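This document opens with one chain alone, in structure tokens, the form predicted on its own.
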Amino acid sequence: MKYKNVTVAGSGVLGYQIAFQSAFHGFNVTVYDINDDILEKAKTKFQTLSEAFKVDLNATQEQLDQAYKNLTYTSDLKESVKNADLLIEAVPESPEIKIDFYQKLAQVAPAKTIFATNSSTLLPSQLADATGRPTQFVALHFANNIWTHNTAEIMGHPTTDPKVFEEVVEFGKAIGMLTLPLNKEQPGYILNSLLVPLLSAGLDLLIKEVATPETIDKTWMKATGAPIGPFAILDTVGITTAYNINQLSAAKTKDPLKIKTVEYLKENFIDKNKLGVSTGEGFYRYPNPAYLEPDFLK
């Protein structure tokens, strides 16, 4: 594997998981974020993640101790990339924030450093010019809970160097991912191109008062053999994400159904802090949601 030193910029929901997953698989990982307080919170999250690795991956304490040794932290951007073979960007999902970040990064990163964005909604071609090195730039997208939902979608743009693309695919494999290379740019990659229409269809059925979330989930689970349905997925992804996506769609299309969906989610979930698994309640109550009960499909 060509890469040894990896920098992860952003220690939020996915950033800290990417950092720990990479460190666990033997890479030297520098975690960068905008201030030391946020980095201290990341360290706390790594402790929680360690417990998940023990339960889900049978990770030993020795392996976890080594992962911690492989992690360093800094809020100095230049310092964070001084030895980086690969930088994975997981900063907030805003074009302005990402472009500003890449413009600053381009001024301090060594010429050898490959840049990869974890953006779930932006195409790499939208950010490529800001990187100052478009041929060395790809999208590398992970699913949440990457240690168990271990997918890595790799998407280049028209001027990505094919050699760089292949190196990033190899990196994905090296950190335990099922690598999923895309042949061309596609909004939503593969996963969200399939998932978002399912979740939208579920919400449409609810807003039209066709059926309850439980009935819709039961239908999907029993008829397809899926372990969970769209509303359980929405709770896992986070209802805030669904709210934001529908808000953008409503503003763009002026579709009355989307506008009604936004109002429904705001009134019943966002305003009440019922955001899904993370807050203990969404469409279901956690940690023991109804869809996990043995008789849910009876």
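In this text, rigid core is short for the largest set of C-alphas that superpose within 1.5 Å between two forms. Start at 1 with the first residue shown and count on from there. Treat the numbers as computed from the prediction; the structure is a model and nothing was measured.
Another form exists, predicted together with a small molecule; not displayed. Remarks below refer to it.
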Pick from Leu257, Ile38, Ile270, Ala59: which residue has any heavy atom within 4.5 angstroms of the small molecule in the predicted complex?
Ile38
Name the residue from Asn144, Ser125, Gln186, Thr219 that puts a heavy atom within 4.5 Å of the small molecule in the predicted complex.
Asn144
Under a 4.5 Å heavy atom criterion, is Gly276 part of the interface with the small molecule in the predicted complex?
no
With the cut-off set at 4.5 Å between non-hydrogen atoms, does His157 touch the small molecule in the predicted complex?
no
So, in the predicted complex, is Ile34 in contact with the small molecule at a 4.5 angstroms heavy atom limit?
yes
Even though the partner isn't displayed, in the predicted complex is Gly15 close enough to the small molecule, meaning a heavy atom within 4.5 Å?
yes
Testing 86-94, 169-177, 107-115, 201-209 against the small molecule in the predicted complex with a 4.5 Å heavy atom criterion leaves exactly one stretch, namely 86-94
Hey, does Asp255 budge by 2 Å or more at the Cα between this form and the one not shown once the core is superposed?
no
